[in-house]
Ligand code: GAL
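Given as structure tokens, the chain that follows is alone and in the form predicted on its own.
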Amino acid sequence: MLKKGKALWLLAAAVCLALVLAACSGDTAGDVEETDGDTSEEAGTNTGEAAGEGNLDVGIVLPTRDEPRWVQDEQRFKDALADSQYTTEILFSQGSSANELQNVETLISKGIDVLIISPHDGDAAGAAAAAAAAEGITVISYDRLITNSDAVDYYVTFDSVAVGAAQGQYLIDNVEGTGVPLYLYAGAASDNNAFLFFEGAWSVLQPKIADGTFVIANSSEAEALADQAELSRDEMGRVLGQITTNWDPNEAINKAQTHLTAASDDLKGDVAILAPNDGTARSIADTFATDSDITSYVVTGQDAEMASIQYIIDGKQSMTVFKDVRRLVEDAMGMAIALLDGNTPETTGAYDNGAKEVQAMQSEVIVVDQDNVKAELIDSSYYEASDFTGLE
């Protein structure tokens, strides 16, 4: 589903040029006014050949520059098209759905054929997707799913349910005894991935909550649902309402401090902590480490951020789920190039976004802890050994 706009634009430009040439060759002479146009680029990043108005192939909108993950993605997207005939521009929405829509409209005005967008808010991004789809632009939801919109064509993602299941299983495999206090934390309720992560974690943790291995320490809503193996979206929403960090490390600190202050002595000691990602994991771990009544903790994470890898090496964070974004970027750009070449992209599954089943390409995830951090992240050249201290 590619635009016809470029061909029409070129035809119109050719007609205009012919008229101008005809006028210039006529006998009537007139004054010619010269103007200096501003050819500076919009805020963002252009890669590939110079892209003029109507000549941009792929538009990419990422949620924020304020998290290392997305800045790294920016560079990887640049690299992915560096030797390509296709052009792209990368814009950041800085945590604003209004900025996101404006970014998409800017890219539409530049004639994109494919939009790759990682939404700030899955529901709100439907407006941006609809604006692109109305112009015949193919919309690829990247890493985060645009929800409740039929304007989404494809989804490139890691298996988010598998991420949560890996986090939950790690807690199960690394605690001892019964009655272990379990502190639950989640991402932003506006992010569909937060629900998928929690769904995966709950699927493996719930049987161990039911049999007494874990005792939920910080969510009355989760306690009330402890006997349910599967939760509805509304039920998960009520739990996330109590444990959300909004992906914000500072909010995670505040939540953790509040929970520890309210916790009785029998909910301290050796504890398990489901933290949704690395940024919140470090904040929560630091907070729990300052409570003298916490004797030990097992805490999860995801994204394999450099700071968290150092925490894992130092024993301050237990694990992270490594999602090799090099592969995710390759999958997204491979899908875009297939579309630009007139081909149907390969997919491996589908996700219900509330309005349609969105065809998806899924990438694998890997659990990383002290035992395999070197093999998975150093030997694979994802990071350099010199980036860390204490790495054996």
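For clarity, every value in this text was computed on a predicted model and none was experimentally measured. Sequential numbering from 1, following the sequence displayed.
Just so it is clear, the following notes concern the form predicted together with this ligand, a form of the same protein that is not shown.
Undergrad: Contact check in the model of the complex: Asp143, Phe197 and Asp303 versus this ligand, with a cutoff of 4.5 Å between any heavy atoms. Do all three pass?
TA: Every residue of the spot touches this ligand in the model of the complex.
Undergrad: With this ligand left out here, work out from 260-268, 222-230, 188-196, 122-130 which stretch has heavy atoms within 4.5 Å of it in the model of the complex.
TA: Among the listed stretches, the partner-contacting one is 188-196.
Undergrad: Is there a heavy atom of Trp247 lying 4.5 Å or less from a heavy atom of this ligand in the model of the complex?
TA: Contact check for Trp247: yes, within 4.5 Å of this ligand in the model of the complex.
Undergrad: Indicate whether Gln167 is a 4.5 Å heavy atom neighbour of this ligand in the model of the complex.
TA: No.
Undergrad: Give a yes or no for Glu67: in the model of the complex, does one of its heavy atoms lie within 4.5 Å of a heavy atom belonging to this ligand?
TA: Residue-level check for Glu67: yes, a contact with this ligand.
Undergrad: Using a 4.5 Å heavy atom cut-off, state whether Asn277 contacts this ligand in the model of the complex.
TA: Contact with this ligand, yes.
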